[in-house]
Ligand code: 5GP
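Coming up is one lone chain in structure tokens, specifically the form predicted alone.
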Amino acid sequence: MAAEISDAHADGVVLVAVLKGSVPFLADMVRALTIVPIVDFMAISTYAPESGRVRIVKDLDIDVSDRDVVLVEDIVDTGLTLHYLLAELGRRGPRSIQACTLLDRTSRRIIPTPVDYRGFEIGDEFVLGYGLDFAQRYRNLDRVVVADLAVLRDDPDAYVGALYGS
């Protein structure tokens, strides 16, 4: 993906990472780019349970008007968050805007939102690690692992020993 983004944006790009999950992916991608990007962050929060609606809780520090922007996500699931963020960034007048995700769960897509750069397509399995968490745990794993959501709901620390080698 880094090579594709570098080739497509030889004149520069703004990478907008969605906190917190995308940080490990973003860090590895930035190191692999052959261009020097501008990096900024947004954070969102769900504010209505089961509604799919989100609000921005940390906005960009820079102006993206007339710039090429790539929105960096850890995982795209229903497409609701991605759709919202692309629309919000689009209102700010970028020259172009694209989406990049490490994991794409197309089987759960509610809104058909384009993903321009995709690492892996996954199914309905629940995944942890490499930025993805459950109850703020497991983000720092250096890999993505499949976990049983029912087990985690009973005990958020259920996989700590097995995944961290203790």
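Everything numeric in this text was worked out from a predicted model, so none of it was measured. So that there is no doubt, residue numbering starts at 1 and follows the sequence shown.
The same protein also exists as the form predicted in complex with the named molecule; that form is not shown, yet it is the one meant from here on.
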Checklist entry - So in the predicted complex, does R105 come within 4.5 Å of the named molecule, heavy atom to heavy atom? => result yes
Item to check | Interface membership of L89, the named molecule in the predicted complex, 4.5 Å heavy atom rule | outcome: no
Checklist entry - So in the predicted complex, does S96 come within 4.5 Å of the named molecule, heavy atom to heavy atom? => result no
Checklist entry - L132: heavy atom within 4.5 Å of the named molecule in the predicted complex? => result yes
Checklist entry - If you check E125, E121, D28, D59 against the named molecule in the predicted complex, which one has a heavy atom within 4.5 Å? => result E125
Item to check | in the predicted complex, residues of 73 to 91 near the named molecule [heavy atom within 4.5 Å] | outcome: E73, D74, I75, V76, D77, T78, G79, L80, T81
